[in-house]
Structure formats: C-alpha cells, structure tokens
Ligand code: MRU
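Here you get one chain, nothing else, as structure tokens; it is the form predicted alone.
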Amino acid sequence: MSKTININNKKEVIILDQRLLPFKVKYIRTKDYKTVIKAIKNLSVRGAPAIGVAGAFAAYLASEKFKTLNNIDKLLEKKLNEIILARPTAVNLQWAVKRFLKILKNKEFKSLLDLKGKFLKESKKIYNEEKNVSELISKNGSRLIKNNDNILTHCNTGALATTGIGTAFGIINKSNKIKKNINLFATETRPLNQGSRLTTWEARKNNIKCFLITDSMAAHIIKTEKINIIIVGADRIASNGDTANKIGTYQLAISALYHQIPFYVAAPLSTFDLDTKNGQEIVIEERSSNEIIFLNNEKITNHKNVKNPAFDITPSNLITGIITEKGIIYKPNKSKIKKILT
C-alpha cells in the first residue's frame, strides 16, 4: 500500500492523514466520495499529483452510489463537479476528474456494472501513471545535481505529495543516492508547516542531510550557505509557463535571480493547463484566517484583518527550467510547452 493514498481489495480508499504527521501515523478509510472531498479540502491529502489521484478515487466511489442508470448522466456529473471544486488551484484534480467525465459523457459503458468497472480501472490507471511519472521526473532532474551541492526547496514534494518518489523532493532523494555530500535546506512553509512537518520527516527516512529554516531566512541562507540550486514543485502551470505553487515560492525565485543561481520547477505534464494563458488567470485559493491566528490550537492574536493565500504565481521569466517526465523545458514559454505536450 502506498504511504499516501491507495484503494484496497474491499474498494476502500485509504488516505494517510498528513495533518497528524510527523508525530502520529493514522489512515482514513472510506467508501464515501464525500469523505475523500473533505480529506482534500482539509489537507489530509495534499500535493498536486496526490490530489489528482484522490480525485480519481473519489470519482470511482461516487459511481458506486448508484443503483440504476436512470438520469445518471446529470446526477453523476454533478458529483464529479463537486470533486473538482474541492481545491481550485491544483489543476491535477480537474485533469483527473475530467477523464471520468469523458467516460460518462461519451457513454463508454454498456451497463451500470460496466461503468463502475471502467471508473475503478481508470482510477487505478491514474494512480500508476503518477507513480511512474514521479520516477521519470526524479531521474531527469537528478542530472542537474552535482557532488557537494547545497539545494533549497519549499513545501513538501516527496512521496507524501505523490504516489511515487516525488517531484522536487524526488529529485533530491534520487540525487542523494548517486551523488556525494548533498545538503538540503528546507523551508518550514508557513502557515501549515509542510516543510518542517513533512519534508524533514521524509528527509530523515531517506537519510538526506537536511537543514530546516524559517521562510524568512531564505535569502540570507541562499547567500551565506552558498545555495547552488533551488527546486520546487507546482500546483498549476499556465500555457506560458507562469507557475502557481505554495505561497513563498515567488520570493525564492526573485532571490535566485538576484544571487544568480538556477531556479527549477518539477512537475508532471498533468500540472500544465493550456486553457490558462498566464498566471493572472490562475485562481488563488484563499484559506481560513484561523491557519494564521491560531498556532497549535492556541489563539496568538485578536487581529481581524488577515490574508491567507495558499499559493503565489512565479512568472515564467524567473524560471530556469521546468522538469517533467518528458525532459526539461529550459526558459519555458508557450511554444516550448505546447511542443512537449503534443
């Protein structure tokens, strides 16, 4: 079973509840698609590839609710759209669920049993695809890493964010096995601390030498520790290469430019959204102010005015390259992206 998400022989979706890591390992087991939606919304499962897989399993569970084909087109489509809306920024969710909408709209089934069978098969296919893709991304990206490199990353992009080795963290993990003296610097990633809770946890498990830093230390650390390369993940990439990723990514790209070091994005092709022209069109999820005004369930301020965007946009001209399963897109732009996607 995957550490992150999977489906068992009883057709239960099993999700590692990442909100409790690193201190407690607990799994959510469910046959209800609404429980999977809730897990996506509350970040029990997170990371664009893993969210896509969760959406696929939720789509299958939604089909299991039906006892007849009567009016299934409209009723099941409504449930599938409900899944898509769970997280608006991560395009992998939409990408995955659209594959089930295609089966439904094109009537690629002969009976209700056949529909459910095809949905189950498609969900497992997406799971395996993401697993293979993260392995290829990690292999392609590891070629950029040299002995003695100091690497900085942001948020969590390892096995916990995918169904395989990971994207940005997967590159670091694979490089650590074939290169000498690799040092990782991981930002804590406020306000939910995916870096301090999850990335450091994965680093320990994989014997990667990792230094935890606060988000506000990044520019200083880039300078004083002579960071050689920054690698991050992505939640949505527009057709021109503008990239939405965890809040705090944009400032890292600016720092990389100033310090003249490469800034790479690692993401599967499923994260590209050709229908979105540029970063200005990407919807940025605004999360609850409680994530900022509470710390460890303790209220730390009575201040009322709070902004809590979950993501920011890094313009393509700040990105050295996008590492995909098909290779690296250097100086990404619309024509290069369109070429690799066709």
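Heads up: residue numbers just count along the shown sequence, starting at 1. Source: prediction; values computed, not measured.
The discussion below concerns the form predicted in complex with the named molecule, not included here.
When you look in the predicted complex, the only residue of I237, C155, I171, L93 with a non-hydrogen atom within 4.5 Å of the named molecule is C155. Site annotation in the predicted complex: the residue of I284, L43, I292, I28 reaching within 4.5 Å of the named molecule with a heavy atom is L43. Heavy atoms within 4.5 Å of the named molecule in the predicted complex are found in one stretch of 95-103, 162-170, 117-125, 139-147, which is 162-170.
In the predicted complex, S175 stays away from the named molecule, with no heavy atom inside 4.5 Å. The named molecule in the predicted complex comes within 4.5 Å of no heavy atom belonging to S255. Interface membership of S270, defined by any non-hydrogen atom within 4.5 Å of the named molecule in the predicted complex, is ruled out.
At a distance threshold of 4.5 angstroms between non-hydrogen atoms, N245 is in contact with the named molecule in the predicted complex. In the predicted complex, the named molecule lies within 4.5 angstroms of at least one heavy atom of each of the following residues of 34-56: L43, R46, G47, A48, P49, I51, in sequence order.
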